[in-house]
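Given next, in structure tokens, is a single chain: the form predicted on its own.
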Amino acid sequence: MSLSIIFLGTAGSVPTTMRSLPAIVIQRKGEIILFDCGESAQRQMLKAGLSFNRNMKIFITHMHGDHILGLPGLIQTMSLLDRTKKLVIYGPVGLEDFISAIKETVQFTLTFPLEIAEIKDEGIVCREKEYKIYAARANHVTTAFAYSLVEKLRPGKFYPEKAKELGVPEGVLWSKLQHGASIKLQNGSIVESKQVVGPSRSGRKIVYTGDSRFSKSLVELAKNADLLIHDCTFDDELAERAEEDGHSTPTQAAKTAKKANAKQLILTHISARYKTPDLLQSQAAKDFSKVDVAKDFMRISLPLPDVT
């Protein structure tokens, strides 16, 4: 099952000629899940080849301008292109007032249902058939949430040779067994799923911190993540500035990844002072080897875990 992460914007606070403001897409089975929506998000979507009329959800980490000011333009662009599918935007308290102000003061007509889901506490904020999205409080200078997308367990590996040995004919009975049901054969014998199916297999887990200092809640949220996308606004020499402004350094991001046993770390929300990512990457790599620094339009394909 295909799943891609597309970094539409990777700058912190202000855009640069190379980096747009925060916006990260998870593209999964035709659905677009957007985390944060900095200015020009709709233009970045166009350049990335993403449709405005797909099934889509948006998750806002906090109410700072560089994370939300792309919403007015994106909503208007969707309406101008006659989007009809419902859009749900999740985020902290204050998001509904912000969207209401846009609708009242900007002259355009919505062509699609728009729902605002304000998050008041940690926990599961979105449940779908194949995944859940959790929110945990980030350690920023204002109310902020980090998010994790966690796919549900998949059926275990089906062993057709075992089914044949037990006299199960190929077809619908195989499917029932693979999905956990027991079946009764014509001779009256019962075959249980566990006789022909291996243990349940995990899905993928992707975590996005938004803006945050180091915190134990982020470590817990990112536990065993396949991919951790972490704030890295300042380098280690500016740790005091990072603490003051509610951000992280490479070493702090690497500490979170290491303590959480994450498989891969991507640094984002990069200050305009860094013209190349080399310093940030090298500092993080001292404590966590599988690390990269995001850049606009970088794509990562995340395969399902190997079957054992």
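Position 1 is the first residue in the sequence shown; the rest follow in order. What you see is a predicted model, and the numbers here were worked out from it, not measured in a lab.
Another form exists, predicted together with a further copy of the same chain; not displayed. Remarks below refer to it.
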item	value
Interface stretch in the predicted complex with a further copy of the same chain - options 150-158, 105-113, 83-91, 125-133, non-hydrogen atom within 4.5 Å	105-113
Heavy atom of each of 224, 231 and 300 within 4.5 Å of a further copy of the same chain in the predicted complex	no
Residue 18, heavy atom within 4.5 angstroms of a further copy of the same chain in the predicted complex	yes
Partner contact for residue 58 in the predicted complex: a further copy of the same chain, 4.5 angstroms, heavy atom	no
a further copy of the same chain contact at residue 64 in the predicted complex, heavy atom, 4.5 Å	yes
Distance check, residue 292 to a further copy of the same chain in the predicted complex, heavy atom within 4.5 Å	no
Position in contact with a further copy of the same chain when the complex is considered in the predicted complex, options 258, 54, 29, 47, heavy atoms within 4.5 Å	47
Position in contact with a further copy of the same chain when the complex is considered in the predicted complex, options 283, 40, 264, 271, heavy atoms within 4.5 Å	40
